[in-house]
Each structure stands twice: as C-alpha cells, then as structure tokens.
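Just the one chain here, the form predicted alone, laid out as structure tokens.
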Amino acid sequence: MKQVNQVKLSESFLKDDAHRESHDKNLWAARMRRDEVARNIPEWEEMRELASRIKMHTLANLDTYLEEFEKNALANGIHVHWAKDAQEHNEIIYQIFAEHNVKVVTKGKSMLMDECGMREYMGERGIEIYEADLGERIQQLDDEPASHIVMPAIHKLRGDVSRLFAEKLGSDPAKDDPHYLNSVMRADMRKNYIRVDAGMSGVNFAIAESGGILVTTNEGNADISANVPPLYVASMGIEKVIPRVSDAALFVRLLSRSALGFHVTQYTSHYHGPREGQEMHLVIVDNGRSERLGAPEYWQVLKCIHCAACMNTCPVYRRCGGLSYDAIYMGPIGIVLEPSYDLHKYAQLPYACSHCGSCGNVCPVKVPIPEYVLTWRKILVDRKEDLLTHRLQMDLGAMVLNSSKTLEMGLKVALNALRYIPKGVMESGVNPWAEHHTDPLPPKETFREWYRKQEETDEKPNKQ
C-alpha cells in the first residue's frame, strides 16, 4: 500500500491563497475564542487536570465501567451490541436495518461511523443515508471526506457551497448568503426527514452510572435523527464511557469551549432509552482501541474527546487543510492516532509537525500529543518505516555532529555554497526550500570562526 504523502497532498491548497487564508483565519479565530473563554474561568487548568484524571481512571478500569454501562443501558430498554472491528460494526447495523426493512436513514455526525466506512457499506447494499449535519452534508454532496472533526467543510468558501448547491440541489448559483444556503439545505433535508425509516448518531459520552448517552451538536441534527424515526441506532467507541452523571458537566464545559470557543454547545442531548413506540440500539465498538489501551507508549491518546482544539491551533493543519492527511482523523490528533490503524500507510504523518507544542497546551484532557509525535517517529525508525531520505539525512547528520572537525568543515562548505553557487541555481527547483523561501545572505564567517576571534581578543592582556 502506498504511503500517504501529506506534503504532496497539501500543495494545491497551499497555492490557493483564498482558501488557505480563509481556513487559517477561521481556525485561528476559534483558537482565540477558546483562549478568551478559558481566561474567564479561574479554575480552567484545574478542570483540565480533573478531566484528564477521570479519563485515565476510566481507561484503567474500562472493563468495569463498560459492564456497568451495559447493565444500566439494558435496564433502560436499549438494545446493546458489541463489535470487535469496523466490519462487525457494519454487519450488526445492516442486520438491524434488514430486520426493520430500512431503506432510508438520516445520520447525525459520527467520526466512528466514518472510521468504519459505514455509509459506503450501506450504500452498496441499497440503503440511502443522508447526513443531517450541515458540514457533513456539504461534504457528502461533494463526494469528499470531512476535513475537520467538528467543522467538516471549514476548508470551503461560501462560493464553493453556492456552486455545489446550485449543481446538486438546484439553488441560485449567484447567491452565497449563509442564511439562503442554510434554507436551501433545510428544505432539501426536510423532504428526507419525513420519509426516513431510521436515524443514527454518534456518542460524545456514555455514562456508566445511568446507562445513558450524551450527544452534542450545534444544529440539532442528532435530535432529529434520534427522535423523528421509529428506529434509532447509535455507535460509540469503548473509550467514550465516563463513570458518573456528575462527570458529564465537567466534560461538557470543556468540550464546547475547547472546540469553538463557545460557552455551551447549542444542543446537549441526553438519551436514556427509546421514546414511546420507538426502538433504540447502541453498538459499542473496539476497532483497535484495546490494542491502543495496551500500548504503554501511547495509550493516553484514548483520552481524546474530539474537540479539535489541537487542529485549530496547529500551524501545519491550519495552512495545509484537513484533506491533505487523507485520513478520518487529521491534524495533531490524527498524526498520533492514524499510525496505530495502519503504520505503513500513515508513516509520514508524524513528520507533519513543527513541534511547537501548542496542541498539548490546548488539549482539554491533556493528551500528550507533542510527546507522542516523537514516540511515533521513534517507532517508525525502529521498524524502518520512515522514509529512506530521512534515514540518509539522519545518518549524514550523525556523521557530521559526531566530530567537531567534520562539523566545522560542513559549516564552511555550507557558507561557501551560499557565497558562490549562482542565485539562479540556489533559488531553482534544485532547492525545494526556495519555492517558499529566499535564501539568507551569507555571513562573513561561521559562528565558530567568530567565536575563536572573540576568545583570542579576550586572552590578550589589557594595556594600561
């Protein structure tokens, strides 16, 4: 399988000034809002620490809490299913749909269902699934994956959406007003809502104490999917469980503020069983999570609550766009999560990082993303999955740095290259650095030469 080349995939987005600048601006605005609301909560850092400890405690006792959750969910009238992987997840849901003669489904946002390829699986079997989330629906109409785990179509401009809706939904291509575009989507989805046979959603938190699930949205799409159809199916990863109802308040406070800088998400919905006359199913999925939990090098990645704060602050993600990662999970959390799904395919992702550490600073549950970036780079080198060019560069660097004489010779060679190689060559395609940078002016001497002169000056006796 070919490795994902994030650098290559980001080239077109980087060259598109309008899209790149809008993407960067919007995500940085979310980061700034996050900082503002965090500053206004004196106990913000204590909240982060408490949330981290709750998640670590839960993961350390995951079997106990999952069993407690299942017992209480069953008592609430929820049908609970267990899936070891994506294939089993899809097969279980298809079996449920087949038993209920489901043909049309409305689906709230779910990264897990995307991870399992559920929509494509059902489509191949004649079941229509309509994304109820605005951003997800835009991406579905454009036959693209999500580019952000909270704002799936954030990389698009209003003109892109206007043209897409005109092509697929028959709207006026000259109108790109957000209110108009929302009304077009609303009118289209209402036609689907009245004919759906089932609704679906993901799960933000599953509460062991009550056996209920909590789902947050800004558009109410989960409420429509959960309440309108006669059949409701939700999917959750095993890491979504938290111990107590009281814990939910802490995580809800952190989630919306970290994700978008808002005090609260528009809709925070609790489902503790089917409504009257409805049937509710919940699929609890492993899909590699047990292996991650047993990995001492990076198990804390399972603390993630999918707020995307790390993406909003990441200088690489903000400029390159989420589609360049060619993965379900993108940005900083993606580069430390995706290699655990397929080490060879995503071997280059841990290098899509400037290592500024900002992702770790903003994570509401303190996932040590910066440390895990280095962890994955070490794993890749140990298993020889890193690029040959990286290996050669490191070997050359080690050879130079292991000897002070070799280092000094290398510095002189580099300085002479800057001085004497023609500018037309140094700023041509031969030097990839030159595509986005101007080579620096060569100094008069290397640092070592300058330092040696200073030492000689300091050693001369002062004349009185």
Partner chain sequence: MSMENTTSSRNSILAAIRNARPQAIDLPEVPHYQFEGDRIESFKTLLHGFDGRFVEFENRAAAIDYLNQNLDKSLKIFSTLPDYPGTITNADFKTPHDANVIHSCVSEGVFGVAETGSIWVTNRSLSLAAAALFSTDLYLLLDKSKIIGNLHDAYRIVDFKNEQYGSFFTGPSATADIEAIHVTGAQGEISLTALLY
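Given the structure is predicted, the values throughout are model-derived calculations rather than measurements. Residue numbers count along the first chain shown, from 1.
Just so you know, the form predicted in complex with the partner chain exists too; it's not on screen, but the next bit is about it.
In terms of contact with the partner chain in the predicted complex, the residue from Ala132, Ala234, Cys310, Ile335 that brings a heavy atom within 4.5 Å is Ala132. Exactly one listed residue, out of Ala347, Ile238, Cys304, Val203, brings a non-hydrogen atom to within 4.5 Å of the partner chain in the predicted complex: Ile238. In summary, the region of this chain contacting the partner chain in the predicted complex, judged by heavy atoms within 4.5 Å and restricted to 337-345, 324-332, 216-224, 112-120, corresponds to 216-224. Of the heavy atoms in Gln95, some are within 4.5 Å of the partner chain in the predicted complex. The closest heavy atom approach of Ile127 to the partner chain in the predicted complex falls outside 4.5 Å.
In the predicted complex, the partner chain sits within 4.5 Å of a heavy atom belonging to Met56. The shortest heavy atom separation between His100 and the partner chain in the predicted complex exceeds 4.5 Å. Residues are counted as partner-facing when one of their heavy atoms sits within 4.5 Å of the partner chain in the predicted complex; in 291-308 these are Leu293, Gly294, Trp299, in sequence order.
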